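Given as structure tokens, the chain that follows is alone and in the form predicted on its own.
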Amino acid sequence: MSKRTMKVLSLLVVLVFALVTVTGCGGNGEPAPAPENGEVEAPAPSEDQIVLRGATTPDASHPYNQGLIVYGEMLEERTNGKFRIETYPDSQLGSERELIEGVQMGTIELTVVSTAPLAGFSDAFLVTDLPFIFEDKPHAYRVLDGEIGQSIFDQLEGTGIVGLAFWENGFRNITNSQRPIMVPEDMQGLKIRTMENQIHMDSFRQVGADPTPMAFGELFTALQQGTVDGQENPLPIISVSRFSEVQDHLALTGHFYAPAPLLISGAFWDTLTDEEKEIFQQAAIEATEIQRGMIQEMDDRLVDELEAEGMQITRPDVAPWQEAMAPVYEQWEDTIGADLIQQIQEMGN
């Protein structure tokens, strides 16, 4: 075959390849047909779209993360696609303390965390950590969704953090690998992981336990290896964290209620127009009801599911626990404010 013939054949191959490529892209400016399975790749975000990082510590299936997804959908719809939330669950961007610091510095736009690490900014956040301060969820909602909740958020002014709403994690319960728990005396000598929360630690000391603060990301391994005997968390956390694999007993004590503030970076907040701030705030309030509903749905079904997974469930009478932990109020009333404590208690049933 001559060199001339080889060149002609090479040119024909190139032309055929180009024709196939154009046809596949939908020649004459027309879009290519959708794949047969019906899945169409999502369009890339507009260059003008602002992507917000929303980070949490629990598993992606937890209502912290799912709530952020719902909130993001609301924002995207109501701002005509200007804002979108990209979520980072499972401690991908750090512990709760690190997430709060990220929001404060503006490296993270949004987070949902427990109130405990926020006590470093204001003692007002400590009031929600008192044992049995809330009789039930409606009591907590009356307090946190009203003037008291707003006054607590007001304490963040000037910190670089803005509080949008109080979401929730639910009432905390005790799990352990040693024995069933019914009365406070059953806690004697148990090494219980707690958050880095002095009120929580003081409360467990009152019932004879050995509270051991530890980052949540280290907890499963610590339970698995027996570094600690047990831990305390709301049912959704116990479930999505698979603690039933390393814990035999669950006591439904409901000793602490766990609100979960939805926080936004002050640096980002200041870039919003007044109209955008109203959208962000109103969507946060509406998403609160949805997020709390997710927690309630899980609470309603998880006891049976955890029992089916092998956990032994006990339902202690809370009265002895309230009495045993009552001295914590006296320890902390000067710091928190006796008037605030009384005001919250009077809003109960």
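The shown structure was predicted, so the numbers you read here are calculated from the model rather than taken from an experiment. In case it trips you up, residue 1 is the first one in the sequence shown, and so on.
Here the subject shifts to the form predicted together with a small molecule, a form of this protein not shown in this document.
Taking a 4.5 Å heavy atom cutoff to the small molecule in the predicted complex, the contact residue among I237, I100, A140, L130 is I237. Note on contacts: among N169, T175, T253, S265, the single residue with a heavy atom within 4.5 Å of the small molecule in the predicted complex is N169.
Here the chain stands alone, but in the predicted complex its contact with the small molecule, taken as any heavy atom within 4.5 Å, falls in 189-197 among 189-197, 132-140, 100-108, 75-83. Proximity of P316 to the small molecule in the predicted complex falls outside the 4.5 Å heavy atom cutoff.
The closest non-hydrogen atom of F216 lies within 4.5 Å of the small molecule in the predicted complex. Contact annotation for N233: at least one heavy atom lies within 4.5 Å of the small molecule in the predicted complex. In the predicted complex, the small molecule lies farther than 4.5 Å from every heavy atom of T288. No residue of the trio D202, Q206 and W321 has any heavy atom within 4.5 Å of the small molecule in the predicted complex.
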